[in-house]
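Two separate entries follow, structure 1 and structure 2, each one form of the same protein chain as structure tokens.
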Structure 1
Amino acid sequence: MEEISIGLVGAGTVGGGVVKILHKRKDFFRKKLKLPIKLARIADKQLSLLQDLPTDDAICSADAQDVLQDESINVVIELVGGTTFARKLVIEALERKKHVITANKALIAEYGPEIFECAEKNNVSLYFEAAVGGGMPVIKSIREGLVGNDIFSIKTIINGTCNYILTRMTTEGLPFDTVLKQAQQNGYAEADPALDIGGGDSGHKIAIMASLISGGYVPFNQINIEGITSISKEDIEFACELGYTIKLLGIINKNSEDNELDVRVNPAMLHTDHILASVSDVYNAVLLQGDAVGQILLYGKGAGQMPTASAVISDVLDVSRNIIGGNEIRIPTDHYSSSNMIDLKSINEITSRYYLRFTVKDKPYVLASISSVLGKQNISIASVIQKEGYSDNSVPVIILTHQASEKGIRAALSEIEKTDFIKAKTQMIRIED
């Protein structure tokens, strides 16, 4: 058959990796896999990025329209990032009946229905393996490898920046701000790290996974997202003393008893025996639980040039096989639409165990007062630690609860923080078993 022509828009970090792999593996793809793939065009405003890349005979230019308007291009790879120009680029490529591959998690999470509906209308496909988990085959595992399962639980450490920060805080006993600066110096955190440390990056990825396992559209803007900026050195130390470690988790729980999905991102305490507790530094992990396979763990680097480029290449091969096989929409995505929105469980409706750190005045009856308010909300105490006081005459009181309702915890904390013995905002961290 005629060659499958690829157009790449965006030759930055990941795009450069894609060019390198296509150059290195092209003979294998053509001769062993019988896939006549050709990188025909590359577009990037910074043409200097292409100088040291093995572009072979690809036509290079600074204008993305050169890729879009080339009728011979079968597949467009979008690696420019963002949700403005990239959105227009993807929509135009789909409308020109070109298959699209993207690593753009924000684009999929925030504008998924519009994009997938456009792909469906034009009888072309949209692939996005690299949007979640870098080199880990998360999307392919959910959509294909585990398609015979009802996946009812996902717990994931899916942001390397946050995991690096929490790991360094744990192993070196350093405060958050110090470790954040180290992460920026080492290239693990952006100059503006808000999307990472605020939980938004994890939120984009968890929204995509939740949509896939629910068979509908999980709106990103309805997910409860909490970052790690409030996690202190003291919380890390107390967690370790209690036999726990703190991680930023993306959580999806599907309950067969109701139609609502529990989808959220928040710091969580994991017992040191938990399989995710040992995931450290910039590594990611996705723990899936299906009704047939039980637990499956995917582990690896969730970002970086070559891991992410590897995921893009896997999509290139999938789309190429679809084209050759004459089944260009092999995996239907029509369920991912605004008319098929999934109801999410309110954060107030969840139940969990909780770690509570109160900073109180060092005086009698404080613990009794706290216990009384918790009791009124049917919150049972599992253990209590009261440490020696700080220099400002305050004392940390740490309470671990049994299973309790989020609504009850929030009501109790609201009442307790109105009392005259509270000296600082109370820390609340959910405990995941």
Structure 2
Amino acid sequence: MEEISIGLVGAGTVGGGVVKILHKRKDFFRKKLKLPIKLARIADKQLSLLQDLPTDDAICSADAQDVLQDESINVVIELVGGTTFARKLVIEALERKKHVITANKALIAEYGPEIFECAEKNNVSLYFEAAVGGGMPVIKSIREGLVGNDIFSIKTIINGTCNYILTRMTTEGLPFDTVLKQAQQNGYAEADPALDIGGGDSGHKIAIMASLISGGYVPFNQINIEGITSISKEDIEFACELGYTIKLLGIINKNSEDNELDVRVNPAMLHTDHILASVSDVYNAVLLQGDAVGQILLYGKGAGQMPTASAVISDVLDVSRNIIGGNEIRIPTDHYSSSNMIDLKSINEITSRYYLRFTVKDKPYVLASISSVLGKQNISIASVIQKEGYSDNSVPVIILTHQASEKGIRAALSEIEKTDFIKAKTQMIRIED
């Protein structure tokens, strides 16, 4: 073997970064591997993007087939995104016995079993470090560095766009839409930003992490996912006043007493002392707990061109070393199979503390009625705030609860919503201790 030959499909935000690092560190990689890594071909529908990139001797075209049909190429990097064309591309590359590197979390979370089974059948590997946490080595840490542990809990801020939006809304009081536009301009957001703000992107990433720590396949479509679109400026202000900050969290809890995994994405109030509360802007963090190691925190930029390209390049070096060492499937992924599906706990079975913001008429007996319904569901109130200075027609009442069952909270809210003193939908945010 004289070189590792790479074909890149998709030279947009992340692909552009990959081209830059391969060019900049070419000599370093050659020294490390004692073989050159050659970027042989690049395909992107937007050929004009390639003009400003240091493509060296790579043959550039608009057609991904040019990459797939080149028999000299050992490794295909898929950075087009989406699950339609990307799925076909990845399957075809694997069937042509090429190793594949992807940053496409949607593809892995939704079509993981089909893709990993195809890789196994064709005796090649699929690498996906950039799919979770941008520049942070999350996959490598879980699969290799922490392999001696039963990882039983993960709490994570795993979407850069949402964290950027919530941070800017909190610190600068900026409106949601303005900050979302900035996140798009910075290259953080998905092509369809609804995936970010609706929680789907965090859901894809948490599904991948849950599959890795459970040794089975965690189906994305069974995860309870709530995004940040319902979080108002008012909630952010009340949270600050109470000593909390609001973050979009991915949560995995493995309980040894039952076999069901609690996997979910939801906005959460974190006390300002919480280790994740100060993770701001586009930064992500993954707080893991293993039975041997205890707590581990990974922290870094979760999106953007160069941080994500950094993770793709770590896969390029990994696959190159595995090919050179003749150990092409160093880490099997056979657990990622539809015959090995993990049962998830229903959201109704969890317990939590809750922030409840009721919008009510300011009249006698309202607080008493709310607390009576909560009491009937065995929900104990930890604190209550009602402010002066609003119109009699509509005042916010904030209640923080002690630990309560989700089922009880939902039943109580449903009963309270039917009363005539409620003026708008009640806001419920879980509090993570």
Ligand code: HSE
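Quick note, the numbers are simply positions in structure 1, starting from 1. What we label the rigid core is the largest C-alpha set whose atoms superpose within 1.5 Å from one form to the other. Just so you know, these numbers come straight off a predicted model, no measurement behind them.
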**OP:** With both forms of the chain shown on their own, indicate which is the form predicted in complex with the named molecule.
**Re:** 2
Original post:
residue 172: CA shift of at least 2 Å between structures 1 and 2 after core fit?
Top reply: yes
**OP:** Using a rigid core alignment, state whether the CA of residue 193 is displaced by 2 Å or more between structures 1 and 2.
**Re:** yes
